[in-house]
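Read the single chain below, which is given as structure tokens and is the form predicted alone.
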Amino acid sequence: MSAIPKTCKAAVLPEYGAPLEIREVAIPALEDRAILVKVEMAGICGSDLHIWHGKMGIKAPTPYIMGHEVIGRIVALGHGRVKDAADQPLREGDRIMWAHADCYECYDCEILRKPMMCSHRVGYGMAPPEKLMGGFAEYEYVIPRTKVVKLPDELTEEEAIGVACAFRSVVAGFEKLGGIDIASNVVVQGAGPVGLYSALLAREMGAGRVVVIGAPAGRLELAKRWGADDVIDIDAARDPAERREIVRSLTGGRGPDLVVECSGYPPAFAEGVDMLAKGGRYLVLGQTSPSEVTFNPASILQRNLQIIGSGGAIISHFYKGLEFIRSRRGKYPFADIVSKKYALEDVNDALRDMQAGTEIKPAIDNRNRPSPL
């Protein structure tokens, strides 16, 4: 076992809306089947902004260490942890990702077979500092019941980091959707990481036309490199009625067969339903805000629409996301999702840049950070 420091630095949220504070926190003693990792890279997720300001549906008591989108390198393996979820051997030095910890013993896990709905789920990125279960830190503690998966050796952290939240959520959503019909017209609302991965997956699954609605220009340019046929800049087309007419003109006057909501902006919900073609499907991936919107449900019945919500993912979606990127890394510039890298001490700058929309995915990069030992 490698030498383990007694403490490490972590960025702690002291209270909602306040800047994160760099604190020295204790590293927990290693339990059987637990894993201690050195955080190699932690992505800033769009939901981190909602978490930061206390605007998520789930609101844990502060203080805690944020960061749920992480690649870690194994420092120590607790007794009994020998393989990952794909039956591959685990060793010190391996890079891993991990899902939130579900119990695999409750009704949701065992009867419904939907662990992402587990009533006893233990999440990462919202736990007290002494648990060291957040990625905005030098080290992170992976608790014994957590499912993990090893990263393919050929993938860089920049190529893989988006799988840790955005892409695994998209994989789970499209799986729940049942895929898409060949030559379907697909509109993606939102050009953040979830929207970009949704456009990419729609393209690879045989969509006829893929349209991304969002901003700013840098994200829309990446959407084109990742397979979007058309983009609509919301800074230029500000009126929802105008955007609907542009979409209809691009889809033969009928509207899209599938709309994927990835914006997290509550009014986008009614706009997405409104633009759907008759018999269309609406996959909702981004609505985490508790804000309410006005919506007439009669349109679902009259136009025979389907609305599918998908929140969360399990370890199989991480594995599938990594394999997707591994098999197509020569076709798409996956590493371009990481637009800027920051030191742990600059985490507040990273959050502010994500909030301003100036970066696609800021990331905390610890790879060249000296060991605290």
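Every value quoted in this text rests on a predicted model; they were computed, and no experiment measured them. One rule holds for the numbers: they count along the sequence shown, beginning at 1.
Although not depicted, the form predicted together with another copy of the chain is the subject of the following passage.
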{"property": "Per-stretch contact check against another copy of the chain in the predicted complex, the hit in 215-223, 130-138, 276-284, 89-97 (non-hydrogen atom, 4.5 angstroms)", "result": "276-284"}
{"property": "Contacting member of 153, 105, 239, 235, with respect to another copy of the chain in the predicted complex [4.5 Å, heavy atom]", "result": "105"}
{"property": "In the predicted complex, the one of 76, 122, 246, 300 near another copy of the chain [non-hydrogen atom within 4.5 angstroms]", "result": "300"}
{"property": "Contact label in the predicted complex: residue 323 to another copy of the chain, heavy atom within 4.5 Å", "result": "yes"}
{"property": "Residue 52: touches another copy of the chain in the predicted complex, heavy atom cutoff 4.5 angstroms", "result": "no"}
{"property": "Residue 160 within 4.5 Å of another copy of the chain in the predicted complex, heavy atoms", "result": "no"}
{"property": "Heavy atom of residue 228 within 4.5 Å of another copy of the chain in the predicted complex", "result": "no"}
{"property": "Heavy atom contacts to another copy of the chain in the predicted complex at 4.5 Å, residues of 289-309 in sequence order", "result": "289, 290, 291, 292, 293, 294, 295, 296, 297, 298, 300, 301, 302, 303, 304, 305, 306, 307, 308, 309"}
